[in-house]
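Here's a solo chain for you in C-alpha cells, the form predicted alone.
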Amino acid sequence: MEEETMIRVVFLGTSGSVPTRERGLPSLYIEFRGNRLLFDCGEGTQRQMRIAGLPFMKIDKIFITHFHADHCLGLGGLIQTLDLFKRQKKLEIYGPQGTEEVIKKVITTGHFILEGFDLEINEIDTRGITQIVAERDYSVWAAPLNHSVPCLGYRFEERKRRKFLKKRALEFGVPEGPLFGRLQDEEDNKIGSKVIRADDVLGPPRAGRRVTYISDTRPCKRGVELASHSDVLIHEATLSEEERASAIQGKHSTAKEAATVAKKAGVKELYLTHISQRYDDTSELEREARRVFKRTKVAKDFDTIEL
C-alpha cells in the first residue's frame, strides 16, 4: 500500500493505572495523509514518541478519553516541550466536559507560561455518537462510555474512498505522475484542450477504513455502536474473567467482554489494551478473548498497525 494512503497506528502505552517495565501509560498515535493525532496522553507519552521516532512537534490534535491521571498527566510535559521547541501552530485538544479547566491546571503547574502557540480546547457533551472533527481526508466521532467519570470513546474514520481506475486513466491519455494524485482527490484536470473528469477514472464510493479506540468502560451499547464495522477495534481489557467482580467495581472490562463487544460490532480485528500490572504474562487474556473473537491480539508498547 502506498505510504500516502496508509493509516498507521502506533501503541505508545498499553498499561492501565500504573506503568510497568514493559508497558507505558495509555496513549495511541494515528497518522494518515500527513495528519497526526494522539489519543490519550499518559505520563511519559512524549518519551515514548521519541523512542518510536514519531514527530511529536507535528501533532495536530489530541483526544483525551477522560481525566483519570493515567490518561492525561503527560499533557503538561508535552505542551511545555512544544513551547520550548518553538512550536507556532495551534494545537487542538478534545475531551469530555471539564477539559478546559483540567488543561488550565495542567499547563500552569510549576513556573510555566504558554507563549508560543495557541490551544484550542473543545469540550464534547454528547449522549450519542457525534462527529466532532470533519477534515478533508478523515473524520473523528465520539460517544459516551460507561466509566466511573465522564469518558469518551473515539472512532477515526477515513472519508469515503473511490477506487482509482488506472487503466481507464491511461486510456484517456493521463500520464502517470501528479495528475493521477489530483484525479484521485476528485479534482478534474486539463490535458491540453481536453478536460479529464475525475468521475471518468474513479469507481463508486466505498466506505472508508475505521479505527475505534474504547478505553476505560464497562461494556455498553454505545461502545458497540461506535465500533460498528471497524477495521480495527482497540478496547480496554484491564482484567480477566476471574477478576470480573473487580472489573465491575472499577467500571472496566474483562478480555472476554472486550471480545464480545468486537463480535457484536462486527469488527475485523481486536487489540486489547489498558492491561493491569498484575499480568506479566498476557497469554491467558488473549486466549480468553479468542474463545469469543478469534482475531484478537494483546497489544504491546510500540506495536504498529498499518491499514
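Residue numbers run from 1 along the displayed sequence. What you see is a predicted model, and the numbers here were worked out from it, not measured in a lab.
The discussion below concerns the form predicted in complex with a further copy of the same chain, not included here.
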Examine Met57 and determine whether its closest non-hydrogen atom to a further copy of the same chain in the predicted bound form is within 4.5 angstroms. no
Hey, in the predicted bound form, is Gly192 touching a further copy of the same chain, heavy atoms inside 4.5 Å? no
Should Ser246 be counted as a contact of a further copy of the same chain in the predicted bound form, where contact means heavy atoms within 4.5 Å? no
Look up in the predicted bound form whether Gln131 has a non-hydrogen atom within 4.5 angstroms of a further copy of the same chain, and give yes or no. no
Counting non-hydrogen atoms within 4.5 angstroms of a further copy of the same chain in the predicted bound form, say which of Val106, Leu91, Ala198, Ala169 makes the cut. Val106
Of these, Lys256, His68, Lys251, Lys61, which has a heavy atom no more than 4.5 Å from a further copy of the same chain in the predicted bound form? His68
Within 4.5 Å of a further copy of the same chain in the predicted bound form, heavy atom basis, the matching stretch of 39 to 47, 235 to 243, 257 to 265, 26 to 34 is 39 to 47
Within 4.5 Å of a further copy of the same chain in the predicted bound form, do Ser139, Ile275 and Arg295 each have at least one heavy atom? no
Enumerate the residues of 9 to 34 that have a non-hydrogen atom within 4.5 Å of a further copy of the same chain in the predicted bound form, in sequence order, or give none. Ser17, Val18, Pro19, Thr20, Arg21, Glu22, Arg23, Gly24, Leu25
